[in-house]
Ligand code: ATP
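Form predicted on its own, single chain, as structure tokens, below.
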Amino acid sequence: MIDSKQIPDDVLSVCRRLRQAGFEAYLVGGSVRDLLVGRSVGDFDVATNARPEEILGVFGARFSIPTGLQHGTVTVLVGEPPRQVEVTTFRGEGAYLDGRHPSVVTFGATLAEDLSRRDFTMNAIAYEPKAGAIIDLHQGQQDIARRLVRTVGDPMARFSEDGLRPMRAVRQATQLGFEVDATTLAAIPATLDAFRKVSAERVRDELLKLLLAPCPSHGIELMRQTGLLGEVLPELLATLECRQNRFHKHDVYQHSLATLDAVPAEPILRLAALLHDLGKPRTQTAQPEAPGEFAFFKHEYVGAEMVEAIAGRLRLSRAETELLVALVAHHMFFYTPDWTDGTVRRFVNRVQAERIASLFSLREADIASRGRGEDPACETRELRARIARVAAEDAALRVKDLAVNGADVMRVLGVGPGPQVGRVLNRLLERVLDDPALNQKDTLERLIPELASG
């Protein structure tokens, strides 16, 4: 059952205005599924027999945007602040010749035809809000009750039409805590050719959504079982059965999955958790003094190079790439109480202050996922306190925190822009990290000539 009170009035008003104009109007897709499952709904979609130009006529140019007229979609703006509701004409589709798009989209279809072209049964349910009627022609409610993701019709056909659908099946099952229907799951390996035609950006978006699920390791395992992992993150397969040592209960792959589940639900942090030990298979070295055990010298740096390449392949942004690489490169820090305050400041400078919280979350999850019952905060608790203390001292932790800048260096030395300016600023920062009291403009300017000649 659907409680109509969960549907915002401005969304209902879209359906109401279409009906008043003589057209049919139904809520469809993920919003109906989420209402039935009991999840909060982000976006509402409406399907109608009104053609795109008729939708524009009903709502007017001021409140409608022709976002996808060739596909029959108009974005309607309702409410205050404005909410975007996608209104799409019932449509039929021709053959998918490129594994991504239908060769032709036809309007004038019925609701039944429109629902039959959708991906999964749970997404092929419509709701008519005036009558409170649920239209379910493909047993979607039954599959929701069974907690199954199942394609509408032949899974081979559905996955061959749109190569992203296998990834969507895995992602939605992971988000909802469902399983993928056995026949649907079995069709994925046979349709990977279509998946390979999908853009890196679309794959990336599905992967990052999957990683935000309550138990993302379930999705990664489904990807491995179906061959999707080998297409998206083939480097991760080398961690399977990669043995470690007495400090770890699991192989690298299982440890990585456990770490993934243990970090907060932030997309790049979770991706870093999944990939943090990616360099271990390449650095695995047997320990003669401990038969059956292995060391992984500098695996974090090897892994950082690997994840940088992966970030490029997934078309991550520059900021996302830098964060991912930094988390993997620095996750093996080992704090001891004999660190000086200068060492603490250098650590913050190296990692960057805004990344410390994410790095500590990764480190704590890494320790907890060794499976040996260790205190996850054993290496971060005291360091957190010390970082807070040095931060409270308003100490300079980065070059831009210095009381002088590049212009000051050039003025004092009588030189123009060049590498020397940066070297001097970095040397000044080294002094200030050890002695924050030096961070005075006059004091630093007196040090500039000495550091320039050093």
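Here the structure is a predicted model, which means the values were calculated and not measured. The numbering used is simple: start at 1 and walk along the sequence shown.
There is also a form predicted in complex with the ligand; it is not shown, and the following applies to it.
Participant: Is R118 close to the ligand in the predicted complex, meaning a heavy atom pair under 4.5 Å apart or at it?
Facilitator: Result yes; R118 sits at the interface with the ligand in the predicted complex.
Participant: At the 4.5 Å heavy atom threshold, is D45 in contact with the ligand in the predicted complex?
Facilitator: Yes, contact at 4.5 Å.
Participant: How about H71: is it within 4.5 Å of the ligand in the predicted complex, going by heavy atoms?
Facilitator: Looking in the predicted complex, residue contacts with the ligand do not include H71, since no heavy atom lies within 4.5 Å.
Participant: Looking at the partner-bound form in the predicted complex, is H330 within 4.5 Å of the ligand by any heavy atom?
Facilitator: No, H330 stays farther than 4.5 Å from the ligand in the predicted complex.
Participant: Please name which of the stretches 402 to 410, 55 to 63, 30 to 38, 417 to 425 has residues with heavy atoms lying within 4.5 Å of the ligand in the predicted complex.
Facilitator: Every other range fails; the passing one is 30 to 38.
Participant: Between the options T184, T239, T191, N123, which residue brings a heavy atom to within 4.5 Å of the ligand in the predicted complex?
Facilitator: After the contact test, the surviving option is N123.
Participant: Scan T226, T88, S361, Q172 and let me know which has any heavy atom within 4.5 Å of the ligand in the predicted complex.
Facilitator: Exactly one listed residue reaches within 4.5 Å, namely Q172.
Participant: Check for me whether the ligand, as it appears in the predicted complex, comes within 4.5 angstroms of all of D162, R168 and K209 - heavy atoms only.
Facilitator: Yes, all three are in contact.
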